[in-house]
Structure formats: C-alpha cells, structure tokens
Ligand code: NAD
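Heads up, the chain below is alone and in the form predicted alone; it's given as structure tokens.
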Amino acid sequence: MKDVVTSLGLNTVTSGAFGKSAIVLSGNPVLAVSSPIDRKSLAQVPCADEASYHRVVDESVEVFREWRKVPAPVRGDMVRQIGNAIRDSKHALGKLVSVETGKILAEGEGEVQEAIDIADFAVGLSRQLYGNVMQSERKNHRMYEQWHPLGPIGVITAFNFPVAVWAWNAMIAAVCGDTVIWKPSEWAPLSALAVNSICREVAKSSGFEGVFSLVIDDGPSLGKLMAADRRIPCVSATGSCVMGRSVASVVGERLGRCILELGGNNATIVMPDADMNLVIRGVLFGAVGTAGQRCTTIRRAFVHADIYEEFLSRLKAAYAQVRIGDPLVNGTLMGPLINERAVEGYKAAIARVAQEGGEIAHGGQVISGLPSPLYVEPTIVRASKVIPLMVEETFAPILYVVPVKSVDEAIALNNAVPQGLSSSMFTRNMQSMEQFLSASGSDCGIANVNMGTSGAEIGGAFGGEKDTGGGRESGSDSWKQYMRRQTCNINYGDDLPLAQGVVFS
C-alpha cells in the first residue's frame, strides 16, 4: 500500500517538501500514520507547534491583502487550473484516500471527483458574485450592495471525507478572494498533504502560493488555536457535536463566524407504495457505505407495518451479499472502521441492543481473520419501538428498523432526535411526498425522496439543523459565508435629503 504514498512523495514528509506554510519544524512531535486496512505504517508526519502555526497564519494574512485585489474571474482561472491538476491525479489521490481511511476505491475516487466538481462550480461562481440593487426613497440617490473578501478562512476537517469537505470550502473561498488554512484530521493527514501540495504548486505559478496553507497536529490543539484566533474571521468545522460546540463557543466569544457540519442521525421512511427495489438498494448504500462512517449514513429506518417483514427479509438478504475486506480489491463493498475507538463504539452499542429491547437481525460481530481488527459486520437491529440507542449517533454500520403506521408517525420519529442533517422517504404517493417536504415535514437540512440520505451533489448547499450546527457548505449561495456584505448609498444630487423624511436644519 505504500506504493501510492511513495508515488505522491509522502513516505517521508518534511517541511521543505510542501512549502513553508505546509507546517513543520524539525524536532516537533511526529504523527505516525498507518492504514486501517492492515494497520501497516504509511508515513511519519512532523506536527506543527504553536510557533509554526502563527507563522502560517501570518503568511495567510499577508497573502490575503494582495489576493483580495485580484479580479474574481482571474481567481477563478487559478481554481480551474487546480481542478485540472487534481483531475490529473484522481486515481492516485483516490487510492490514497482509500488506503488512509479504509473506504472502497470507488468511494475514494468519488471523493476526489467531488473536489474536481466543486472546483468547476467555483470557476463559474467567480463571475457570479452578485449584489442587489435597491430602490432608494431619497431623490437622486442610488443604493446597492456588494460583497468583499472576508479574510483567512480556517477549515477543520474530519477523517471520513479528507478531501471533499475541504474542497467544498476552499474552492469557494478562493474565488471569493479569501485565503485558506487547513487543519485536517490526525487520522487522515496524508490526503491533506497531497492535495494541499497540488494546490500550492498551481497557485505558485500565479504568484499566490500562500492562498492555501496547512497545519497538522496529533489532536485538537491547533483547532483550538484556530477557533480563538481573531486573524481568522471564519472557521468551518466538520466533526462531532462535542467538537462543534467547543469551536462555536470560542469563535462566538470573539464574535467570529462559524460554519458547522456536525453529527447526523439520519432516518429513511419507507411507505407501503414504495418501489422495493429502489428501497433496498438505497438503504443498503446509505447504511453500509463507508462502513457507516458518513455524517449522512442511514441509521434509522421507519417502515410501514404493512411491509415491515418483507423489508427486513429482503434487506437481510442484501446484507448477506455485502463483501467485506480489503477496500482496494474489486468487488469489496465495505472496508474497515477507522480505528480501535470506532470498533469499541460499535461493540458498546451492540451490547446495549438487547438491554434496551432490540434484537440483532443481522450482523453484530467484529470480524476475525482479516488483516486488521477493525472490520465489523454491518448490522440490522429489529425494534418494535424507538429505543434509547436510536437517539444517539454511533459512527458505525448499525441500522435500527422500526415499524410505523402512518406518515405522521414516521415524520414525528424522523424529527425526534437532536441532530438534523439528512432524511429521506420512499413513496410513490404525491401527498406523502409533499407532506414530508413541507414546513411541517422533515426538520433536516436535506430531504430526499426515493433515494437514501447519502450522496449529496455539490450544486446544493450541504448542511443541517439543530445539533448538526446549521452551517452550509458547497453549492447554492453558500459563497456568501466567505464574504462580507456592504450596503452602498450614493447621492448624485445637490441636496441632502434624509431617510424616513427626517428634517434636520
């Protein structure tokens, strides 16, 4: 597996290999990176200390002062070149993502494709950073709004999407005129190093290498520094609700901006008129993909009582066909969990199932005999009612299946958790569909019909409500979070009329 690491120049990472703002000081702590596939060592990555962190931010602030003056379409052209450079390395980067996180190769390459797609999206956006023109109530006045670059953007990413989520933020921020400082997960630093290196190399040819920076550590220390840093006006953080609350409180204390994409305890609703072939395929990918380690993973299924037994029978048959093992091998559908802590979380949840009134319908075991102890069986839990486990998010492939009697009951149960990221319904009934999508329907940031909860496209703003944090990344008008709005008023007359008819003389 080291072949892909060596091919990208990552087997021995030094400060000189990735430019002065990549991190690093000799003598700093070293992060040992291994693959969850077989637990073999991949690389030794020197960590940043506080002094090198501050140098990175200082450089980012300095580069921002000039980068913001570059016309947005010119910034977009640099992002276009970055997208093409990532496209040229798609296979190697996709394989690196798989080796480092345990995703199957198709998902690893798919994630890199997301980075390419958002770069393409951002290129078009660079010519569409529009402001509104408003009608002034004052004679001979013009009023409009415009958007200006915000400053260095801090991006904290999780292990499960070590490339795509950063790109959602970074490509948009770059065309908006911002610089980007990336703090990746300690469980996936090599993917970050590789992509950041590509971006800096392209940016260097335009004279703006420092638009993209990277700091790596072996825990949350640098993320905490970033949250408290007044030089960074906006911090985008992806991770657990606990982490998000910490970031939000610190950033909020200094009245900075946060973009939070946190936990997701996602549900799908299956009505009796649903196309069962779509249902089984959609639920299988949604619950098993990335070994249940997506924030959009299906964790709860509310199935109409009329088809509950059929659904369980067909889903168990589909689960029995899931090939578990080396994610680089063609035909494998599920790889390992990311680390031992994730396995312990899986085992703890399984141990509680019977205690809380549930029943293991399929799976429930850690798999022995594979190259590492991080492989588990995708699990279906049968429950006659909601059990306490279902309110929590276990980052593992565990699906709870509960019978319901109506659309109203299913929607109420969908909404009855602290998180609010993604949701879905399978139905052919227009009334059920519209009820699910209405203001009194799903309370999640994403609502899908006749598909699972995973697989967001880059054109739509991604994020959720409640404990998910309320942030939005990627498409739609999420670009506004990376810019500051300015309302402009111009008096081109000879008088000085005041608003609201106020007279002061």
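Note that residue numbering follows the sequence shown and begins at 1. Only a predicted model underlies this, so the values are computations on that prediction, with no experimental measurement involved.
Keep in mind that the form predicted together with this ligand is not shown, yet the notes after this line are about it.
Contact with this ligand, judged by heavy atoms within 4.5 Å in the predicted complex, is confined among 89-97, 343-351, 231-239, 197-205 to 231-239.
This ligand in the predicted complex is not approached by residue 319, whose heavy atoms all lie more than 4.5 angstroms from it. Within this chain, residue 448 is remote from the site of this ligand in the predicted complex, having no heavy atom within 4.5 Å. When contacts are judged by a 4.5 Å heavy atom cut-off, residue 462 counts as touching this ligand in the predicted complex. Mapping the unseen interface onto this chain, residue 379 falls outside it, with no heavy atom inside 4.5 Å of this ligand in the predicted complex.
By the 4.5 Å heavy atom rule, the three marked residues 78, 122 and 209 all fail to count as contacting this ligand in the predicted complex. Of the residues 223, 363, 325, 256, just one reaches this ligand in the predicted complex with a heavy atom at 4.5 Å or closer; this is 223. Just one of 400, 375, 426, 395 comes within 4.5 Å of this ligand in the predicted complex, counting any heavy atom, and that one is 395. Using a 4.5 Å cut-off on any heavy atom, the residues of 242-269 that reach this ligand in the predicted complex are, in sequence order, 243, 246, 247, 261, 262, 263, 264.
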